[in-house]
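The chain below stands alone, shown as structure tokens; this is the form predicted on its own.
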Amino acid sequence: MLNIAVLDSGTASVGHWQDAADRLADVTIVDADAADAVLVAGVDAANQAAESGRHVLLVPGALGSSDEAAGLAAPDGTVVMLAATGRFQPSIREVQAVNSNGSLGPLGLLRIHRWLPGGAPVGIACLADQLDLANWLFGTLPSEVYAVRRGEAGGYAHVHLGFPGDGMALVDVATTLPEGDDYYSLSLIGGDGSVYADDHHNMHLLYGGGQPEAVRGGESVSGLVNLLTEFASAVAEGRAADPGLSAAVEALKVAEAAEKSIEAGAPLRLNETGDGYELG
């Protein structure tokens, strides 16, 4: 049994994490004093927990730079996992399953729309969550990064990634929707086929007189269930969790390259050592 304390729930509510744990026989949400694992935000909190012998699940958006991510420690016998929730959504897992079995052929284009209400500037952490999916689906870092940001408040960012073998990804993140639901769409197109994950498939129109409204059926907390399953399995088997710390570092490196591209108004290329990006 894995006992987890939710010290910081991130973008999901504590109730969602509780609902997800309730669906698993080997995971329980407990108070901090009784926990052998913690859900936290930030490098300091993660490292303190790991040093005390607790396993660590790091919430999405908790890291602001690749240097921060590289500062995460994972002592022997301790599992430290990035809660990259997108990787665990059932629809996106199906996209990767079709991709990994070769049905799509050589990848040509990944298209991601991530649209949110609120109007906040689109920052590195928000970009990194989606760029992690691009790295994962292509199985490598992009060789080229070009990005633009629009809007007075910086509420729209568009990132163009070029991958080895002529594949590309177009990722746009916006926070300019009116109050209400967000929207998500992911399309992956290869030489032999394509596969899609789109919120439109989970929307249902209700007619009850007056203006019709669309409500989302959605995937509920299934993504969190899958994530907790991987975390608990890694702890039980004494192995590294997937995604591990390197995935966090790589996603943030690409997001930082996008920020530099926005500032310079020019693309960046992966350097010869493959550990960073430079103009030119």
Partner chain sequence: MSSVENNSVFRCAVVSVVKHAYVPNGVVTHPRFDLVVVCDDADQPDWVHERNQLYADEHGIPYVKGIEQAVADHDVQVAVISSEAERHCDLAVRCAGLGLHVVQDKPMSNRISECDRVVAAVAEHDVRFMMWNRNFLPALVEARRVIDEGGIGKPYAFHVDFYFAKDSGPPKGSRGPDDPPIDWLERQIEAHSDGSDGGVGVDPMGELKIEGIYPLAYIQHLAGSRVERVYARTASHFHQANVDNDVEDLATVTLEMENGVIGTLCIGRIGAASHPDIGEIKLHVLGETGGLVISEARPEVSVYYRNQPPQEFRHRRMAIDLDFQLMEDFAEAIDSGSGGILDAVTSRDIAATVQAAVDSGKSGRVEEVA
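Positions refer to the first chain, counted from 1. The shown structure was predicted, so the numbers you read here are calculated from the model rather than taken from an experiment.
In what follows, reference is made to the form predicted together with the partner chain, a form of this protein that is not presented.
Visitor: Only one of 108, 123, 119, 90 gets a heavy atom within 4.5 Å of the partner chain in the predicted bound form. Which one?
Guide: In short, 108.
Visitor: Heavy atom within 4.5 Å of the partner chain in the predicted bound form: which of 102, 139, 180, 165 fits that? Just give me the one.
Guide: After the contact test, the surviving option is 165.
Visitor: Please pick out the stretch from 180-188, 128-136, 92-100, 77-85 that is in contact with the partner chain in the predicted bound form, where contact means heavy atoms within 4.5 Å.
Guide: Residues of 180-188 come within 4.5 Å of the partner.
Visitor: Can you tell me if residue 148 lies within 4.5 angstroms of the partner chain in the predicted bound form, counting non-hydrogen atoms only?
Guide: Answer yes; at least one heavy atom of residue 148 falls within 4.5 Å of the partner chain in the predicted bound form.
Visitor: Counting only non-hydrogen atoms and a 4.5 angstroms cut-off, does residue 10 reach the partner chain in the predicted bound form?
Guide: It does not: once the partner chain is placed as it appears in the predicted bound form, residue 10 has no heavy atom within 4.5 Å of it.
Visitor: Could you tell me if residue 73 has a non-hydrogen atom within 4.5 Å of the partner chain in the predicted bound form?
Guide: No, residue 73 is distant from the partner.
Visitor: Does residue 269 reach the partner chain in the predicted bound form, with heavy atoms at most 4.5 Å apart?
Guide: Contact with the partner chain, yes.
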